[in-house]
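This document opens with one chain alone, in C-alpha coordinates, the form predicted alone.
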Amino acid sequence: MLRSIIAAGCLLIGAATLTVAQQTAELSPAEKIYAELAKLSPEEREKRLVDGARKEGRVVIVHTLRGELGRSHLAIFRKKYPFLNVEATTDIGSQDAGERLFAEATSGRNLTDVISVSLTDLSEVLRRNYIARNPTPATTAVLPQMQKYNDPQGRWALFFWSEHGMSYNSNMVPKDKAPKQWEDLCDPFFKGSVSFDPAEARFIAGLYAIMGEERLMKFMECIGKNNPIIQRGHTQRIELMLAGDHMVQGDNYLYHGLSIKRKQPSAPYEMVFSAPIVAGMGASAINRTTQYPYAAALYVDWTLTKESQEFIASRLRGPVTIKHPYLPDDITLVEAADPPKEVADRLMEAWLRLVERKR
(Lines give C-alpha, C1' and ligand atoms only; values in the text may rest on other atoms or scores of the structure.)
Protein backbone atom coordinates (compact mmCIF):
# COMPACT_ATOMS: atom_id res chain seq x y z
CA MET A 1 0.00 0.00 0.00
CA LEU A 2 1.05 3.59 -0.53
CA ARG A 3 2.40 4.86 2.77
CA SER A 4 1.15 8.23 3.97
CA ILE A 5 2.62 10.67 6.46
CA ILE A 6 0.05 13.18 7.68
CA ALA A 7 1.16 16.31 9.52
CA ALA A 8 -0.63 17.29 12.69
CA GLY A 9 -3.76 19.13 11.74
CA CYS A 10 -3.64 17.80 8.18
CA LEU A 11 -7.32 16.95 8.14
CA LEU A 12 -8.41 20.41 9.29
CA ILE A 13 -11.14 20.29 6.67
CA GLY A 14 -12.75 17.39 8.49
CA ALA A 15 -15.22 17.51 11.34
CA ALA A 16 -13.49 20.42 13.06
CA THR A 17 -14.34 22.83 10.25
CA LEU A 18 -18.01 23.11 11.13
CA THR A 19 -19.16 25.33 13.97
CA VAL A 20 -21.92 24.09 16.28
CA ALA A 21 -24.36 26.45 14.60
CA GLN A 22 -23.47 25.08 11.17
CA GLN A 23 -23.71 21.49 12.34
CA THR A 24 -27.28 22.06 13.52
CA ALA A 25 -28.34 24.28 10.61
CA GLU A 26 -31.40 23.24 8.67
CA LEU A 27 -30.64 21.11 5.66
CA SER A 28 -30.79 22.84 2.30
CA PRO A 29 -33.27 21.47 -0.28
CA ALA A 30 -30.44 19.60 -1.97
CA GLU A 31 -29.25 18.13 1.32
CA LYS A 32 -32.76 16.92 2.12
CA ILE A 33 -32.76 15.04 -1.18
CA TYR A 34 -29.35 13.54 -0.40
CA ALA A 35 -30.46 12.50 3.08
CA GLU A 36 -33.38 10.61 1.54
CA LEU A 37 -31.20 9.05 -1.14
CA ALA A 38 -28.82 7.81 1.57
CA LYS A 39 -31.58 5.50 2.81
CA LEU A 40 -31.77 3.65 -0.51
CA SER A 41 -29.74 0.78 -1.86
CA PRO A 42 -26.91 1.84 -4.20
CA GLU A 43 -28.88 0.51 -7.20
CA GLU A 44 -32.08 2.37 -6.31
CA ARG A 45 -30.10 5.50 -5.47
CA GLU A 46 -28.45 5.47 -8.89
CA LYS A 47 -31.81 5.03 -10.61
CA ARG A 48 -33.23 7.99 -8.70
CA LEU A 49 -30.21 10.11 -9.62
CA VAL A 50 -30.49 9.29 -13.31
CA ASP A 51 -34.25 9.92 -13.38
CA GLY A 52 -33.87 13.18 -11.49
CA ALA A 53 -30.95 14.35 -13.63
CA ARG A 54 -32.92 13.55 -16.78
CA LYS A 55 -35.70 15.85 -15.57
CA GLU A 56 -33.27 18.60 -14.59
CA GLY A 57 -31.37 18.36 -17.87
CA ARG A 58 -28.48 20.60 -16.82
CA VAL A 59 -25.45 20.90 -14.57
CA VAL A 60 -22.64 23.46 -14.26
CA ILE A 61 -19.21 22.10 -13.35
CA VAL A 62 -15.96 23.92 -12.60
CA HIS A 63 -13.31 21.32 -13.40
CA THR A 64 -9.75 22.01 -12.30
CA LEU A 65 -8.18 19.18 -14.23
CA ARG A 66 -7.36 21.90 -16.68
CA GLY A 67 -7.43 22.23 -20.45
CA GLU A 68 -7.63 19.15 -22.65
CA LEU A 69 -7.41 16.84 -19.66
CA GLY A 70 -10.54 18.25 -18.05
CA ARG A 71 -12.39 18.50 -21.36
CA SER A 72 -11.66 14.88 -22.21
CA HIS A 73 -12.73 13.72 -18.76
CA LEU A 74 -16.03 15.57 -19.09
CA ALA A 75 -16.53 14.25 -22.63
CA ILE A 76 -16.78 10.74 -21.19
CA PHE A 77 -19.43 11.90 -18.72
CA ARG A 78 -21.37 13.68 -21.48
CA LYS A 79 -21.30 10.58 -23.65
CA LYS A 80 -22.66 8.43 -20.83
CA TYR A 81 -25.46 10.89 -20.02
CA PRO A 82 -26.31 12.59 -23.34
CA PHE A 83 -29.57 13.98 -21.93
CA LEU A 84 -27.60 16.39 -19.72
CA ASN A 85 -26.50 19.83 -20.86
CA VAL A 86 -23.11 19.94 -19.12
CA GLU A 87 -21.77 23.47 -18.89
CA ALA A 88 -18.17 23.36 -17.77
CA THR A 89 -15.16 25.54 -17.08
CA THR A 90 -11.77 23.84 -17.46
CA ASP A 91 -9.45 26.85 -17.56
CA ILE A 92 -9.37 27.73 -13.89
CA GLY A 93 -7.11 26.71 -11.01
CA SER A 94 -8.18 25.00 -7.82
CA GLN A 95 -7.85 28.05 -5.57
CA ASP A 96 -9.79 30.15 -8.09
CA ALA A 97 -12.56 27.54 -8.20
CA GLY A 98 -12.96 27.69 -4.43
CA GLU A 99 -12.99 31.47 -4.54
CA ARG A 100 -15.57 31.44 -7.33
CA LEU A 101 -17.99 29.33 -5.31
CA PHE A 102 -17.35 31.52 -2.27
CA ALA A 103 -18.11 34.69 -4.25
CA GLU A 104 -21.29 33.22 -5.73
CA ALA A 105 -22.55 32.03 -2.36
CA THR A 106 -21.85 35.28 -0.53
CA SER A 107 -23.60 37.28 -3.25
CA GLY A 108 -26.60 34.94 -3.43
CA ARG A 109 -25.89 33.85 -7.01
CA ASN A 110 -26.22 30.11 -7.63
CA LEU A 111 -24.31 29.59 -10.87
CA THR A 112 -22.02 26.67 -10.11
CA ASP A 113 -23.27 23.23 -9.10
CA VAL A 114 -20.04 21.25 -8.67
CA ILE A 115 -16.40 22.19 -8.20
CA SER A 116 -13.38 19.90 -8.45
CA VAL A 117 -10.63 21.27 -6.21
CA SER A 118 -7.66 20.46 -4.07
CA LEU A 119 -8.77 19.63 -0.54
CA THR A 120 -6.68 22.50 0.78
CA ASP A 121 -8.81 24.96 -1.22
CA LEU A 122 -12.08 23.83 0.35
CA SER A 123 -11.44 25.12 3.87
CA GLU A 124 -13.19 28.49 3.58
CA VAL A 125 -16.31 27.31 1.75
CA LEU A 126 -16.58 24.49 4.26
CA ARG A 127 -16.26 26.91 7.15
CA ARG A 128 -19.07 29.02 5.69
CA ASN A 129 -21.24 25.92 5.18
CA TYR A 130 -21.45 26.46 1.42
CA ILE A 131 -20.89 22.78 0.56
CA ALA A 132 -23.69 20.19 0.55
CA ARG A 133 -23.59 17.06 2.66
CA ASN A 134 -23.99 14.24 0.16
CA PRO A 135 -23.25 10.87 1.78
CA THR A 136 -22.71 8.57 -1.17
CA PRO A 137 -21.88 4.86 -1.32
CA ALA A 138 -19.63 5.63 -4.30
CA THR A 139 -16.82 6.57 -1.91
CA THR A 140 -16.61 3.00 -0.61
CA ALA A 141 -14.69 2.20 -3.81
CA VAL A 142 -11.81 4.41 -2.68
CA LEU A 143 -8.68 2.41 -1.81
CA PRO A 144 -8.20 1.77 1.93
CA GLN A 145 -5.03 3.89 2.11
CA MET A 146 -6.93 6.82 0.59
CA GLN A 147 -10.08 6.57 2.70
CA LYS A 148 -8.64 8.93 5.32
CA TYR A 149 -9.01 11.77 2.81
CA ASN A 150 -12.75 11.30 2.40
CA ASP A 151 -15.27 13.17 4.55
CA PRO A 152 -17.61 11.18 6.83
CA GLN A 153 -20.26 13.87 6.26
CA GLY A 154 -20.05 13.48 2.49
CA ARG A 155 -19.11 17.10 1.80
CA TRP A 156 -16.60 16.02 -0.82
CA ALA A 157 -15.65 12.89 -2.73
CA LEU A 158 -11.98 12.29 -3.41
CA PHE A 159 -11.41 11.25 -7.03
CA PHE A 160 -7.81 12.01 -8.03
CA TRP A 161 -4.46 13.22 -6.76
CA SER A 162 -1.26 14.58 -8.23
CA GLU A 163 2.27 14.66 -6.94
CA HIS A 164 5.20 17.05 -6.63
CA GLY A 165 8.59 15.43 -6.43
CA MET A 166 12.22 15.42 -7.52
CA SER A 167 13.59 14.28 -10.86
CA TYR A 168 16.94 14.59 -12.62
CA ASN A 169 18.77 14.37 -15.94
CA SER A 170 20.44 10.94 -15.88
CA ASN A 171 22.98 12.01 -18.54
CA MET A 172 24.24 14.78 -16.27
CA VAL A 173 23.98 13.15 -12.83
CA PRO A 174 26.17 10.10 -12.11
CA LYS A 175 24.48 7.28 -10.25
CA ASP A 176 26.55 7.90 -7.13
CA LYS A 177 25.40 11.52 -7.08
CA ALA A 178 21.69 10.90 -7.75
CA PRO A 179 19.60 12.58 -5.03
CA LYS A 180 17.85 10.24 -2.62
CA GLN A 181 16.43 12.71 -0.09
CA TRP A 182 15.48 16.39 -0.25
CA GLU A 183 18.61 17.56 1.60
CA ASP A 184 20.77 15.97 -1.11
CA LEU A 185 19.92 19.00 -3.25
CA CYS A 186 22.24 20.97 -0.94
CA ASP A 187 25.25 19.02 -2.28
CA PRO A 188 27.72 21.53 -3.84
CA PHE A 189 27.82 19.20 -6.86
CA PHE A 190 24.40 20.61 -7.80
CA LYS A 191 25.36 24.26 -7.29
CA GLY A 192 23.53 26.42 -9.83
CA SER A 193 21.84 23.39 -11.36
CA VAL A 194 18.62 22.76 -9.34
CA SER A 195 15.45 24.51 -10.46
CA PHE A 196 12.29 25.55 -8.63
CA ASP A 197 9.24 27.60 -9.52
CA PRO A 198 8.89 30.93 -7.69
CA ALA A 199 7.39 30.58 -4.20
CA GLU A 200 4.39 28.24 -4.23
CA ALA A 201 2.43 28.12 -0.99
CA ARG A 202 1.25 24.55 -1.61
CA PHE A 203 4.75 23.22 -2.29
CA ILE A 204 6.16 24.96 0.77
CA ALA A 205 3.27 23.51 2.82
CA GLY A 206 4.19 20.06 1.55
CA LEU A 207 7.83 20.51 2.54
CA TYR A 208 6.65 21.68 5.96
CA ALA A 209 4.58 18.51 6.33
CA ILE A 210 7.66 16.46 5.43
CA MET A 211 10.26 18.28 7.50
CA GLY A 212 8.67 20.47 10.13
CA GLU A 213 9.61 24.12 10.53
CA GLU A 214 13.13 23.88 11.94
CA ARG A 215 14.39 21.35 9.41
CA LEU A 216 12.69 23.20 6.54
CA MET A 217 14.35 26.48 7.53
CA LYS A 218 17.75 24.77 7.40
CA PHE A 219 16.86 23.21 4.06
CA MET A 220 15.89 26.56 2.55
CA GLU A 221 19.09 28.14 3.84
CA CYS A 222 21.33 25.51 2.29
CA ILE A 223 19.36 25.48 -0.97
CA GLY A 224 19.73 29.27 -1.21
CA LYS A 225 23.50 28.99 -0.73
CA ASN A 226 23.59 26.48 -3.59
CA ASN A 227 22.42 29.14 -6.07
CA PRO A 228 19.15 27.55 -7.31
CA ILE A 229 17.48 28.41 -10.61
CA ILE A 230 14.12 30.11 -10.04
CA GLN A 231 11.94 30.03 -13.14
CA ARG A 232 8.17 29.94 -13.50
CA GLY A 233 6.67 27.02 -15.38
CA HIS A 234 6.78 23.37 -14.34
CA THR A 235 6.50 22.15 -17.92
CA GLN A 236 9.18 24.48 -19.26
CA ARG A 237 11.62 23.60 -16.50
CA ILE A 238 11.36 19.87 -17.14
CA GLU A 239 11.94 20.41 -20.84
CA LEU A 240 14.95 22.61 -20.12
CA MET A 241 16.37 20.01 -17.74
CA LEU A 242 16.00 17.25 -20.32
CA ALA A 243 17.70 19.48 -22.88
CA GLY A 244 20.73 19.76 -20.56
CA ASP A 245 20.13 23.24 -19.18
CA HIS A 246 20.43 21.99 -15.58
CA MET A 247 20.61 18.76 -13.62
CA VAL A 248 17.71 18.52 -11.19
CA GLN A 249 14.09 19.51 -10.73
CA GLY A 250 13.60 20.38 -7.08
CA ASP A 251 9.82 20.44 -7.52
CA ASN A 252 7.75 19.23 -10.42
CA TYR A 253 4.83 17.16 -11.62
CA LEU A 254 6.54 13.84 -12.17
CA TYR A 255 3.96 12.74 -14.72
CA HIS A 256 5.06 15.35 -17.27
CA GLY A 257 8.60 14.05 -17.52
CA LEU A 258 7.35 10.47 -17.69
CA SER A 259 4.97 11.42 -20.48
CA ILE A 260 7.93 12.80 -22.45
CA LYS A 261 10.02 9.70 -21.77
CA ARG A 262 7.25 7.37 -22.97
CA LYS A 263 7.17 9.27 -26.26
CA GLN A 264 10.96 9.55 -26.41
CA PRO A 265 12.49 6.54 -24.62
CA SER A 266 15.97 8.04 -24.89
CA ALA A 267 14.98 11.07 -22.79
CA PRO A 268 17.37 11.18 -19.77
CA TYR A 269 14.62 11.34 -17.17
CA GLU A 270 14.75 9.72 -13.75
CA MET A 271 12.38 10.18 -10.82
CA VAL A 272 13.34 10.08 -7.15
CA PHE A 273 11.15 7.60 -5.28
CA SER A 274 13.20 7.31 -2.08
CA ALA A 275 12.26 10.78 -0.81
CA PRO A 276 8.76 11.65 0.42
CA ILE A 277 6.56 13.06 -2.35
CA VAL A 278 4.12 15.93 -1.88
CA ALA A 279 0.60 14.80 -2.76
CA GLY A 280 -2.24 17.13 -3.70
CA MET A 281 -5.60 15.45 -3.13
CA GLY A 282 -8.40 16.46 -5.50
CA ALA A 283 -12.12 16.07 -4.87
CA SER A 284 -15.56 17.03 -6.12
CA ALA A 285 -17.90 19.07 -3.93
CA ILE A 286 -21.49 20.19 -4.50
CA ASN A 287 -22.81 23.70 -3.93
CA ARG A 288 -25.20 23.53 -0.96
CA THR A 289 -27.73 25.62 -2.91
CA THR A 290 -27.36 23.81 -6.23
CA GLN A 291 -30.39 24.11 -8.49
CA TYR A 292 -29.65 20.72 -10.06
CA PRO A 293 -29.05 18.38 -7.10
CA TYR A 294 -29.63 15.11 -8.94
CA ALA A 295 -27.33 15.96 -11.85
CA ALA A 296 -24.67 17.26 -9.47
CA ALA A 297 -24.71 14.09 -7.36
CA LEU A 298 -24.74 11.93 -10.50
CA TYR A 299 -21.53 13.60 -11.65
CA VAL A 300 -19.82 13.22 -8.26
CA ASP A 301 -20.67 9.51 -8.19
CA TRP A 302 -19.48 9.11 -11.77
CA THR A 303 -16.00 10.47 -10.97
CA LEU A 304 -15.41 7.29 -8.94
CA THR A 305 -16.57 4.86 -11.62
CA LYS A 306 -14.19 2.54 -13.45
CA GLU A 307 -14.31 4.54 -16.69
CA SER A 308 -13.51 7.81 -14.91
CA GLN A 309 -10.71 6.32 -12.81
CA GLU A 310 -9.15 4.47 -15.73
CA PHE A 311 -9.11 7.71 -17.69
CA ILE A 312 -7.34 9.45 -14.79
CA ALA A 313 -4.74 6.67 -14.69
CA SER A 314 -4.29 6.72 -18.48
CA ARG A 315 -3.25 10.35 -18.22
CA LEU A 316 -0.70 9.48 -15.51
CA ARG A 317 -2.60 11.20 -12.72
CA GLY A 318 -3.34 9.48 -9.45
CA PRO A 319 -6.60 7.47 -9.39
CA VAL A 320 -8.10 6.69 -5.99
CA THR A 321 -9.93 3.38 -6.63
CA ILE A 322 -7.28 1.57 -8.70
CA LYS A 323 -3.50 1.16 -8.65
CA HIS A 324 -1.36 4.18 -9.53
CA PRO A 325 -0.08 4.01 -13.12
CA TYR A 326 3.62 4.37 -12.27
CA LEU A 327 4.44 5.14 -8.63
CA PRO A 328 5.67 2.14 -6.61
CA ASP A 329 3.45 0.83 -3.85
CA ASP A 330 5.89 1.72 -1.07
CA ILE A 331 6.24 5.39 -1.97
CA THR A 332 5.81 7.84 0.92
CA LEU A 333 3.15 10.45 0.23
CA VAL A 334 2.71 13.60 2.28
CA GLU A 335 -0.44 15.68 1.95
CA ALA A 336 0.25 19.38 1.33
CA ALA A 337 -1.81 20.58 4.28
CA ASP A 338 -1.69 24.27 5.15
CA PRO A 339 0.35 25.05 8.29
CA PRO A 340 -0.94 27.62 10.81
CA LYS A 341 -0.97 31.11 9.28
CA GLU A 342 1.86 32.45 11.39
CA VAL A 343 4.02 29.48 10.39
CA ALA A 344 3.04 29.82 6.73
CA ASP A 345 3.97 33.52 6.80
CA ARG A 346 7.38 32.75 8.32
CA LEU A 347 8.08 30.03 5.77
CA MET A 348 7.04 32.17 2.82
CA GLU A 349 9.23 35.05 4.03
CA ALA A 350 12.14 32.64 4.51
CA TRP A 351 11.73 31.13 1.03
CA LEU A 352 11.75 34.57 -0.58
CA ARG A 353 14.72 35.71 1.49
CA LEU A 354 16.84 32.55 1.51
CA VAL A 355 15.97 30.72 -1.71
CA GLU A 356 14.95 33.49 -4.08
CA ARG A 357 17.27 35.98 -2.36
CA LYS A 358 14.70 38.74 -2.26
CA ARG A 359 15.51 41.30 0.41
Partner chain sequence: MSSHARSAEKGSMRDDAGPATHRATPFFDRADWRLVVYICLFGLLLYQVALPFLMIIWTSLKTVRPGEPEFLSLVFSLNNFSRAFASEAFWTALWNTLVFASLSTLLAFVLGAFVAWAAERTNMPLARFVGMMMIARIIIPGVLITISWILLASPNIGILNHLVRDIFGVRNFFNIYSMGGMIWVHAIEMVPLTYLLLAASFRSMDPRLEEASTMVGAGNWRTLRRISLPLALPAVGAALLLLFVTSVETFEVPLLMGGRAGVRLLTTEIFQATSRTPVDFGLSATYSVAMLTLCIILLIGYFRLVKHGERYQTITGKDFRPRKIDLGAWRYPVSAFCLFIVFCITGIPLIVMLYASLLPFYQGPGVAAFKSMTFENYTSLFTGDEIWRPMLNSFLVGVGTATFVVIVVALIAYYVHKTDMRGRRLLDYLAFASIAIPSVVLGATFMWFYLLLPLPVIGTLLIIMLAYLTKYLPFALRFVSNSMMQIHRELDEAAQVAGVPWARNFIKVMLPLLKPGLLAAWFWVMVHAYRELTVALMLARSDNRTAAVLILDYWEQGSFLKLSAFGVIMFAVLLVIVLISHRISRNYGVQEQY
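Positions refer to the first chain, counted from 1. As the structure is a prediction and not an experimental result, all values here were calculated from the model.
The form predicted in complex with the partner chain exists for this protein as well; it is not shown, and the discussion that follows is about that form.
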item	value
Non-hydrogen atom within 4.5 angstroms of the partner chain in the predicted bound form for each of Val142, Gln153 and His324	no
Option from 211-219, 182-190, 132-140, 243-251 whose residues, in the predicted bound form, bring a heavy atom within 4.5 Å of the partner chain	243-251
In the predicted bound form, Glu68 touching the partner chain (heavy atom, 4.5 Å)	yes
4.5 angstroms heavy atom contact with the partner chain in the predicted bound form for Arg232	yes
Contact of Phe102 with the partner chain in the predicted bound form (heavy atom, 4.5 Å)	yes
In the predicted bound form, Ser284 touching the partner chain (heavy atom, 4.5 Å)	no
In the predicted bound form, the one of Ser274, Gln95, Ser170, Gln147 near the partner chain [non-hydrogen atom within 4.5 angstroms]	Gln95
Residues within 4.5 Å of the partner chain in the predicted bound form, restricted to 251-282 and counted by heavy atom	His256, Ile260, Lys263, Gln264, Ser266, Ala267, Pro268
